[in-house]
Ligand SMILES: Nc1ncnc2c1ncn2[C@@H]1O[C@H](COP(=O)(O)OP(=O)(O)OP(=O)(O)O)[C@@H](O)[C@H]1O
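Presented as structure tokens, the chain that follows is alone, the form predicted alone.
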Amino acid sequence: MHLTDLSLVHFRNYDTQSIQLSEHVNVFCGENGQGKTNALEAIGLLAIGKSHRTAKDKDLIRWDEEQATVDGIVEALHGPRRLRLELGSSGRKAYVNRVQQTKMTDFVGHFQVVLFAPEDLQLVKGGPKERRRFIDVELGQTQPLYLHHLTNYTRTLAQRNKLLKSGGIADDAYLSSFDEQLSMYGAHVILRRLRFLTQLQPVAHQVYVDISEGREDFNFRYTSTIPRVGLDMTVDEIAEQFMRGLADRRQMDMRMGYTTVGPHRDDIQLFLNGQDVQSFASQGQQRTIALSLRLAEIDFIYREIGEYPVLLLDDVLSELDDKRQRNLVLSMSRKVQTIITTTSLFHLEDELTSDARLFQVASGIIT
């Protein structure tokens, strides 16, 4: 899979811009604040339907305009796909091969990317929300049923929390009806997360070994607020265990005004040489862990859909030492289309293949 064409209209600091990309390595070079990351953000938007930088569409629209458009043509295993997003004050419109999609969940999944950005250090040193988002974005791109269950879980959770916050004594029967729905949707979410991380674990471990040349041992595990859930359980068994957890925490939930147990509060614990990375690992090690998780996604996506995603590297090469830069660029550019942003070609030029395409970015113009 690779992106052949990208067109932007009134997106961020771009007026009107169209480019054609190499199916191998593409480098966007320019000073900070010129629009390199905006271009990668637009590509990610076509894949996951969300920006990795903002939750507000108005932030994506050029300051003096009412609407922005992002267009892309993707060459995939089963033929080309044209993807288009229109962003405006009246909402979004999403199109696949010129056919408007009724829901954004129908748009997501036609194009897969793996994005590694400076913000990804929060995967390691940030809170559980960042690590849950990592799982949700990945599974949302490859498993439509996961997105279905997660969307329903989130909606049911909001309804249950609204009832808990009502201030009065919640009706037990009414609350129990939410518990049943929540536990079933949540059980599907948890089981798919467990399966995903089990598949990701050996790949992420090996990527870390390759990048660090075997200097440290990296692994992780999923930690749930629901006790004693595991990969050997069925959806019904996890749902039953979830129901028990909700029942045990009901009085606490009513006091707190929100649901204190469930996959919306779960986490991934990360370990380096058996120690928690947040209290033990250096910033360089933390960045390599985040990078290993991202690169492991590439093989996971390949196993899921039968083709490689596009790799987006947003100004991260300067954060890695020279040897790690070379290992990263050489190994990935041979397997997947890679799009890199950088302020300098120093330490990068010699590693690029003859198929690489270089773009200069200045004041919202790409040449």
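Start at 1 and count along the sequence shown; that's the residue number. Please read all numbers here as calculations on a predicted model, not as lab measurements.
Heads up, the form predicted in complex with this ligand isn't pictured, but that's what we're talking about next.
Trainee: So, a 4.5 angstroms cut-off on heavy atom distances: do all three of D5, D106 and H110 pass it with respect to this ligand in the model of the complex?
Mentor: No, the candidate spot makes no contact with this ligand.
Trainee: Which residue, I61, I43, I301, M332, has a heavy atom that falls within 4.5 Å of this ligand in the model of the complex?
Mentor: By the 4.5 Å criterion, the partner-contacting residue is I61.
Trainee: Within a 4.5 Å heavy atom cut-off, is T16 in contact with this ligand in the model of the complex?
Mentor: No.
Trainee: Classify G35 as contacting or not contacting this ligand in the model of the complex by the rule of any non-hydrogen atom within 4.5 angstroms, answering yes or no.
Mentor: Close contact exists here: in the model of the complex, G35 approaches this ligand to within 4.5 Å, heavy atoms only.
Trainee: Residue-level question: is T343 within 4.5 Å of this ligand in the model of the complex, judged on heavy atoms?
Mentor: Yes - in the model of the complex, heavy atoms of T343 and this ligand come within 4.5 Å of each other.
Trainee: Taking 4.5 angstroms as the cut-off for heavy atoms, does E31 touch this ligand in the model of the complex?
Mentor: Yes, E31 sits close enough to this ligand in the model of the complex that at least one of its heavy atoms falls within 4.5 Å.
Trainee: What stretch, of 302-310, 43-51, 62-70, 332-340, brings heavy atoms to within 4.5 Å of this ligand in the model of the complex?
Mentor: Correct option: 62-70.
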